[in-house]
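One chain is shown next in structure tokens, namely the form predicted on its own.
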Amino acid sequence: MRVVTFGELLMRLSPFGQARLLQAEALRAHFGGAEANVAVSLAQFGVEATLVSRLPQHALGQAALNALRRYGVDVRYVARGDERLGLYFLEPGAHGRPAQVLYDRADSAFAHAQRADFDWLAILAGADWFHLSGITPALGGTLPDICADALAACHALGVRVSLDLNYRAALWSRDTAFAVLTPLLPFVDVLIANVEHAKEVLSITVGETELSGGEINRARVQTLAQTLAERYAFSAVALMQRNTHSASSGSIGAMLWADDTAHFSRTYTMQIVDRVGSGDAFAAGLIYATLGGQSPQERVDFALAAACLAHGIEGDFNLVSAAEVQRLLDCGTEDVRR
């Protein structure tokens, strides 16, 4: 199995413990980014995972590249140039105070990417899957055109495509997101989103879809997924939904619409170490299980179990094996494994 992803690799800076940015005298550094997170997770599952991106030539850019190499991601198609590495600052939440993200990624090396940087027919030769998130075209410049080039190459080569909406209000408006993403959707096989983003960005109205007591309103979520699949001819639609109890605890559930049937996962209730990248862990789990020929029910179960485990790992990357995900599915939570 070979999966190619395309997106920006960022440096994440955050205070130690649960300190606020206002208090911080030192910051911890991690690397991450939606598509990079998916690639790292897939590499831990034993998949040949390739990240396509653009990084500066200096030492910070090399450190970012080395972080991917450390976890087995193929980086041969990462272009180099310009001076800025994109940053984001994460202030961890605590109790009733939510986590907050501040982006500092304008004019980054990736934001200045050009269509000539990427030979998509060569990059995608032999690939089984291509993954993209809505964050990448949201960065503007020529990136929407580069995304369109990649999807056209996928269509020509018969490579399956997944798109995680990953709507970020700090990057673009809902109207702009709809205008830019809509032309890309005919090339997408599997749409991944949370319920709120699917409703907001793609302007689908099916009534309220809130969690009630930790349970998904199944009828309305099913209607939303079915509407999306029929409107845009997706082969599958995966919808995740969260119920946030506090910054340190919450519940997640998911549904996969495939073969004209809704397949619901169980609901996990978790104490949260770090929730950043958990949606990317879900996407990676879904891609892995789909490529492995698992049934729709097995796909959504595996994907959500991967997302559950990601909440217990510090940093953006979900550093768990496929066997560990399967163990959670088969055995549930264990205290100490000896």
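Not measured: the values here are computed from a predicted model. A residue's number is simply how far along the shown sequence it sits, counting from 1.
Missing here is the form predicted in complex with a further copy of the same chain; even so, the following discussion is about that form.
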Q: Heavy atoms, 4.5 Å, a further copy of the same chain in the model of the complex: which of 70-78, 115-123, 181-189, 220-228 makes the cut? Say which one.
A: 70-78
Q.
in the model of the complex, is there a heavy atom of a further copy of the same chain that lies within 4.5 Å of any heavy atom of Lys199, even though the partner is absent here?
A. no
**Q.** Partner contact for Ala156 in the model of the complex: a further copy of the same chain, 4.5 angstroms, heavy atom
**A.** no
Q.
With the partner left out here, check for me: in the model of the complex, does some heavy atom of Ile204 sit within 4.5 Å of a further copy of the same chain?
A. no
**Q.** in the model of the complex, Ser248 touching a further copy of the same chain (heavy atom, 4.5 Å)
**A.** yes
Q. Three residues, Gln18, Pro98 and Arg327; all within 4.5 Å of a further copy of the same chain in the model of the complex via heavy atoms?
A. yes
Q | Heavy atom within 4.5 Å of a further copy of the same chain in the model of the complex - qualifying residues of 301-322 | A | Cys308, Leu309, Gly312, Ile313, Glu314, Leu319, Val320
